[in-house]
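In the structure tokens that follow, a single protein chain appears in two forms: structure 1, then structure 2.
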Structure 1
């Protein structure tokens, strides 16, 4: 099974971290956001993934020289100009011939962190095919739907409409588009991939009119890791038991002085924590150096922190 993974965004909300490193290649525990996504795709039966690339494709090419990740074969589709979501899907899918196949394929947004079982979404789509489904989307519940665009569905899962940032009392739905889909190859007929096109604003509403869009709502762990607070939380949730997945808090190659304090934090490969340093509720990136007596709290430090420097609620990019 193929997947199209959308990784061509600019990552503006996570600057300066994304000035040099694309968002999907940022650390998540001891891997990267993209690597964890590939782990979940592989568990769901995906064998091949085409990365829809635009902004800064070179780091992706360099990160996977053997063109594999978590056992998934990688393919690269590099846009000449931004194509938005549906445009990118159409372009990437055609680059590997998905428009000529008959089996469905998965689409995933590259900054989503979730415990969704991909196989469950694929199975739901296969059930809905007999009712004319061209696409099945994953939905997740939110506490305050007025901050999102919610999705309204019938009891059988058929999507009936979208309500953008609904006022209280205007909809009973508390479910939003969670950024993972299963699409029929024939859905590419309305995603030519030769111009910018939004799947959320254009393609999905079109499929609703055709009564061909279905949904699967789950309460699996889900997080949009594209904001500083949520990116930090996504890392810490991997070590604090809030996920089905779990990762090591401190990489085996990291060097921690015996007089430092590291608590509720992720420390990457080759990082060094100096004498008397305190690291609390933070992410220390691979090869980052935290100097003697430095304090890092509630922060992401992918670059060095000088001796005795105090860093709180900050993002520090590599030099």
Structure 2
């Protein structure tokens, strides 16, 4: 099965981290967000993933010189100018010939971290196919839906309303688009991929009108790692047992002074933590150096922190 993974956004909300590194290539535990995505897709039966690239494609090409990740074959579709979500899907899917096939394919927003079993979403789509489903989307419950695509469904899973980022208080539903879809190849008819088009603002509302959009709601672990607090949380949840997956908190090649304190934190490969330094609830990126007596709390340090410096709730880009 093929997947299209949307990785062409600007990662605006994670600046300055994303000035140097595109969002999907940021560390998540001891891997990257994108590597975990590939692990997750492979488990669901995905063999081939098309990376829908726009902003900063070069780091992706450099990160996967053999064009494979977690056993998934990678294909690269590079947009000349941002095509937005549906434009990017149409363009990337056509670049590998999915419009000429008959089987459905998976689509994932590149910043989603979830324990959803993709195979369950594929199975739900196959069930809804007989009712005319052109797409089946994963839904998750949230407290404040205003930052997401809010979805109204019938008990049988048919979607009756999709509103992207509604004004607070204007919708009753607490279920939102969780950013993983199964699409019929024929849905590409409404995603030509030759101009910017939003799947959330145009394509999904259009499919609702056609009664061709279905959904599967689950309460699996889920978050969108595209915001500072959720990006940090996604990392910490990989080491604290809240996930089905677990990763090492401290990489075996990191060097921790025996008089430092590191608690509830991810420390990447080759990082160094100095004497008397305190690292609490934070992410220390690969090769970052935390100076003697520095304090790093609730922060992401992909770059160095000077001796005795105190940083709290901060994002520190690599130099």
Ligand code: GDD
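What we label the rigid core is the largest C-alpha set whose atoms superpose within 1.5 Å from one form to the other. Numbering follows the first chain given and starts at 1. It should be emphasised that the depicted structure is a prediction, and the values quoted were computed from it without experimental measurement.
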Block containing the form predicted together with the ligand is structure 2
Superposing on the rigid core, I want to see if residue 192 changes position between the two structures - specifically a Cα shift of 2 Å or more.
no
With both forms fitted on the core, check whether the Cα of residue 144 differs by 2 Å or more between the two structures.
yes
